[in-house]
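A single chain comes next, written as structure tokens; it is the form predicted alone.
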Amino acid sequence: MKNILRFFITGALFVLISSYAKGVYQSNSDFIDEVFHDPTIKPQMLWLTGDVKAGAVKILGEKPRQLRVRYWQKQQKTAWILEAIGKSKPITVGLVIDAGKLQRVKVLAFRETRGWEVKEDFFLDQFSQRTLTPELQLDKSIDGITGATLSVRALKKLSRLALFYHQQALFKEH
């Protein structure tokens, strides 16, 4: 009887945690509205060709899946909504960069059953003020989370990618 009860409680906890972990936490449009507080901001496109594509390949370890990426900009501040695969499903992340430094990283949607801890502030706060080195790495290390290794890697890659894209978008203007 104890084993059946233990099995039931464990199963119920797994379902409860999984339902808490998975889901859309904020829409893309709400994230952009929250970042800029300006309804006149319109998306722009960064085409992934030439050096931009080469840098993205270096960061991702593979060719990007799209030909262009959408972003929003006001002066030196850009916002990006990017996706990466955690273990087997995409994680949607909103990233804000101002003057070459990460200002904010927010998980907008998480679809995996494990690794959901990456959406918590204790983890995301580590990304604040990070910059990109000439080797396309973050300037300071990010501590991982036991059991969420693939999700952590995905967020680190997306942070590097957004910082790189930010540089390219600002360079495009000049």
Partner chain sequence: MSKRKHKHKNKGRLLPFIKLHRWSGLVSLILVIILSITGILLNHTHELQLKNHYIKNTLLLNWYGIRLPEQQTFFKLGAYNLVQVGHKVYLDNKLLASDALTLIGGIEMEDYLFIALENAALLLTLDGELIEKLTPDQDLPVPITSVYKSHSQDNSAIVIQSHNKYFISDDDYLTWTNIKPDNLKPVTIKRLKRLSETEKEPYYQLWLDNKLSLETVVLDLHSGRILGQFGVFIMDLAASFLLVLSISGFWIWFKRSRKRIRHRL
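Nothing here was measured: the structure is a model prediction, and the numbers come from that model. Residue numbers count along the first chain shown, from 1.
One more form of this protein, predicted together with the partner chain, exists but is not displayed; see below.
| query | Heavy atoms within 4.5 Å of the partner chain in the predicted complex: does residue 144 have any? | reply | Output for residue 144 is no: heavy atoms all beyond 4.5 Å of the partner chain.
| message | Residue-level question: is residue 63 within 4.5 Å of the partner chain in the predicted complex, judged on heavy atoms? | response | Because a heavy atom of residue 63 falls inside 4.5 Å of the partner chain in the predicted complex, the answer is yes.
| message | Is it the case that residue 45, even though its partner is missing from this view, gets within 4.5 Å of the partner chain in the predicted complex, heavy atoms only? | response | Residue 45: contacts the partner chain in the predicted complex.
| said: Can you tell me if residue 68 lies within 4.5 angstroms of the partner chain in the predicted complex, counting non-hydrogen atoms only? | reply: Contact check for residue 68: yes, within 4.5 Å of the partner chain in the predicted complex.
| Ok, 113, 28, 133, 129: which has a heavy atom sitting within 4.5 Å of the partner chain in the predicted complex? | It is 28.
| task | Please name which of the stretches 35 to 43, 117 to 125, 135 to 143, 54 to 62 has residues with heavy atoms lying within 4.5 Å of the partner chain in the predicted complex. | result | Careful reading of the contacts points to 35 to 43.
| For the stretch 136 to 170, which residues lie within 4.5 Å of the partner chain in the predicted complex by non-hydrogen atom distance? | Sequence-ordered list is empty.
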